[in-house]
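Only one chain is shown below, in structure tokens, and it's the form predicted on its own.
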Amino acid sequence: MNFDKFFALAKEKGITEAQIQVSKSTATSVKLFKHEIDSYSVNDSQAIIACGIYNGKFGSGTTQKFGKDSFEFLVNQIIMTATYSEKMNDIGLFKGSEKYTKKNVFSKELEETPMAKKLEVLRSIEDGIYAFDGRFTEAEVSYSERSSSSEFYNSYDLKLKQKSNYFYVYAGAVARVGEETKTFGDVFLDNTFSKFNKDAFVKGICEKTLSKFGGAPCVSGKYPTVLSRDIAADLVACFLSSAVADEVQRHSSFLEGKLEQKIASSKVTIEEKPLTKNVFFSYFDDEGVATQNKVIVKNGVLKQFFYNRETAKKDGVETTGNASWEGSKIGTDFGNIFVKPGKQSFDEMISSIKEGVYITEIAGLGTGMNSNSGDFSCQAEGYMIRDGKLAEPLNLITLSGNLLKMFSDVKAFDNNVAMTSDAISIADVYIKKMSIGGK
């Protein structure tokens, strides 16, 4: 598309500064049921988001139609939304950063791997689950792949482009013994198909499913608690949501007023690394600002919040390059989070626990989390830890706590880091004590 026409039209209509972003993506999804393809879809999507300054106010518009009338529609949307806005804009649009760190993260190998080979792997996963043990009665296997591109232009001749792709494989297993049924599912995410080890993937799912039989609640109390990396990642995401400057400035964050204060154990160091070369790499934000790797919590001390340009100006600081579109306005988001691991293996980390719990699954965190206070309570499953080793399975229990208290009570992380689908790289974490509700 000739975006010069958009900028010329915007200028003609009195828009003093303008910006336009184009995103395109292709998503492929396939699901198997008993070796047959149960569903298969390929969806292409595209969108144009434009914004600008009109009569000193910010306006925006979006469309999914790419055609001769698109630019006129977007310009009119900018004018209309700016006209009805009650707020004057005092920051304008961003002219551009001095330096951008570009990397190629698009995997040609993934793109060139035939779908027939991917389906063959899916069928072998299904076969592997049924062959692992006679108690497995059902298996669900699916594959999703997405490629996306983003282009950014503004009236200051800033031109930015990036392209990425990834895939993920999901498999879930159902096992039955008498009247008891247990399920477990897992996801593998990457953009290099050859990295996927289907045998290890199947083995892990099957072993974890079977290990859940015979579960029962433990006695209610406060126990030394180890959280699996997936749960730890969910709680880190909730914790970091309170480090978004928008929330702090609205006085709805439990981290307000705590910059440069110790808010967690010295074992806790959390970084955002958008420039890491993985599937979540991004070198510019939705304002065109160059992203940067940064430390959010260092040895338990809160070092900074996540900012866009508007919230940064309110606090008299520089933007951190975390601007993100939220509907018709620029908000703030984060991604590619890295939590510093420990040096011990999982077995070494739990070896000193005489009686504790290992939590592997939770449910209801979305409704059970009070984002203002950090208090949470949710259903959980896991295992007892006895004399430094995993013991009997647990179910019908609840995990309760407070995010600030929990992160202050971190004793250790193990050394087995993995990246979750929420773009958080983290290991299992050992908490001094947490409240477990049982019998």
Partner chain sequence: MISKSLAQKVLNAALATGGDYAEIYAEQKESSSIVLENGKVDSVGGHLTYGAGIRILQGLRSVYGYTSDLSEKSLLSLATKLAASYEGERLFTVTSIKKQRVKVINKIEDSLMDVPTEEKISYLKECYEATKSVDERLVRIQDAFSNYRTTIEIFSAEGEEGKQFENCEERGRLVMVAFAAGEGNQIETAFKGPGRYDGWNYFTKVLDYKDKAKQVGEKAIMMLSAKECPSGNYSVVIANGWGGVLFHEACGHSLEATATAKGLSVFSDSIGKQIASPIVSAFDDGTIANEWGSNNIDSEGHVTQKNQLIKDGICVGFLVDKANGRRLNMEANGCSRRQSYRYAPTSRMSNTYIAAGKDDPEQIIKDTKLGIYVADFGGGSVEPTTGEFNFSASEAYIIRDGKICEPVKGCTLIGSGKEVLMNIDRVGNDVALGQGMCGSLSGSIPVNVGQPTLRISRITVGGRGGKLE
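Just so you know, these numbers come straight off a predicted model, no measurement behind them. Rigid core here is just the name for the largest C-alpha set that superposes within 1.5 Å across the two forms. Numbering follows the first chain given and starts at 1.
Form predicted in complex with its partner chain: not shown, discussed below.
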Output flag, 182, 329 and 372 jointly within 4.5 Å of its partner chain in the model of the complex, heavy atom basis: yes
Does its partner chain come within 4.5 Å of any heavy atom of residue 55 in the model of the complex? no
Should residue 194 be classed as touching its partner chain in the model of the complex when contacts are defined as heavy atoms within 4.5 Å? no
Do residue 247 and its partner chain come within 4.5 Å of each other in the model of the complex, heavy atoms counted? yes
Would you please decide whether residue 377 lies within 4.5 angstroms of its partner chain in the model of the complex, comparing each non-hydrogen atom pair? yes
The one option of 106, 73, 156, 100 with any heavy atom within 4.5 Å of its partner chain in the model of the complex is 73
Could you tell me which one of 117, 354, 277, 251 places a heavy atom within 4.5 Å of its partner chain in the model of the complex? 251
Have a look at 300-308, 159-167, 333-341, 83-91 and name the one stretch with heavy atoms inside 4.5 Å of its partner chain in the model of the complex. 83-91
Going through 392-408 from first to last, which residues have a non-hydrogen atom within 4.5 Å of its partner chain in the model of the complex? 395, 396, 397, 398, 400, 401, 402
Residue shift check between the shown form and the other one, rigid core fit, residue 65 Cα at least 2 Å: yes
